[in-house]
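Have a look below at one chain only, the form predicted alone, in structure tokens format.
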Amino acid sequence: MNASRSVPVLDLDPFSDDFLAEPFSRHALIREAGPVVWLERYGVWAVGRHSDVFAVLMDWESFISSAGVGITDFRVQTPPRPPSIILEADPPLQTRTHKILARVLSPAALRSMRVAFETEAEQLAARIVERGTIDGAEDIARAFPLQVFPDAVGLPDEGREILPAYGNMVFNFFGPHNERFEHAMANAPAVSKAVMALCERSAVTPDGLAAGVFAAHDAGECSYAEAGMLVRSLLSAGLDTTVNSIACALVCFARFPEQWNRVRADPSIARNAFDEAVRLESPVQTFFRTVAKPVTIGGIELEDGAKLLMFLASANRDPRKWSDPDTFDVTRKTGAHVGFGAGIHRCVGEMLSKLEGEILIGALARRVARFELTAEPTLNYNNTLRGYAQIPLTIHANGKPT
């Protein structure tokens, strides 16, 4: 720390249940304390203002990902599993692997998925309207992505039930070794083995996203081992974030029925409504970077090797960037939010997630007049993600779908 300038020191635990239950007032404390603060409990720096979070995300040379995007520094501690060659990598490796996934998830590839996604969304919307009383987390937010996304990747039907446990393990790993981390990692060897088996070339279909990754291996763009790692990266980038984003959107629609009415009146704004829910609730709350060379933020020098925690959710509600940042507005211009990151490490599954959100919300808008919460939603606690374990809902139907 730089002794020549007063350093804001905060005694906050961003991985505690209390903080995760109500993070947004704590984010305000972090933003108002200064451009960069010292979190004494973990001995890490943190940024919460939009301009600073965005600057860190964009500067991959000063703030590296290859030392881990969690609290563990891979240069000091050997991680218990191989680092991701897309999320936990820097150029030139990250450039090469990102190019492969960007091609696999091209606009043309996404367009080819639309019909299947729309069919599943319409069927799901019809089912939940027929039932009337549902758990939005299980019956919508998990049900839709867990069907369409593994199909798009080309995973076999058998064994998919392991995917939620895998996501829970991946995203809890980025936090400290707390009780949540220990519980998620308890069955890590078995979960990892099962997921690796799902992603083997012999297991996947010849026409899914995974096949496109293995085609890159055939073309000499990556090794066979790297191809398998990239298929697993698709799962971590494209499933849990989407599940939690849909869950957050459902809660927003239930709490702000006037905004749902705007979507019903104009389903063409479904994608923007989904994006606004991502901004407001920030399903990905935090990520770390490691300082690779001495750098100054707000007049305070951060030393080489320091860990820096980015509060993405705080940036997405920073009043310096947004007017009425705590308000859910489905017509807001959302392009500047960092819910999917920014820069070279921007979430590779972003457009797929938005496609799923757009199609599902559009299908619901044609059938659902109102989402009524019958009890308070139950949070799903995770060291990195914000989402819901249960969302008790009564579905009020539109009548005949148009």
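Residue indices: 1-based, along the sequence shown. Everything quoted here is computed from the prediction, not taken from an experiment.
Beyond the structure shown, there is the form predicted together with a small molecule, which is absent from this document and is the topic of what follows.
The contact residue chosen from A237, L209, V330, I100 relative to the small molecule in the predicted bound form is A237, the criterion being a non-hydrogen atom within 4.5 angstroms. Residue-level contacts in the predicted bound form: of L250, C199, L87, A184, one residue has a heavy atom within 4.5 Å of the small molecule, and it is L87. Across the proposed site, F171, F174 and F287 without exception bring a heavy atom within 4.5 Å of the small molecule in the predicted bound form. At the 4.5 Å threshold, heavy atoms of S233 reach the small molecule in the predicted bound form. At the 4.5 Å threshold, heavy atoms of R81 reach the small molecule in the predicted bound form. In plain terms, the part of the chain that comes close to the small molecule in the predicted bound form, with a heavy atom within 4.5 Å, is 163-171 out of 163-171, 133-141, 107-115, 259-267.
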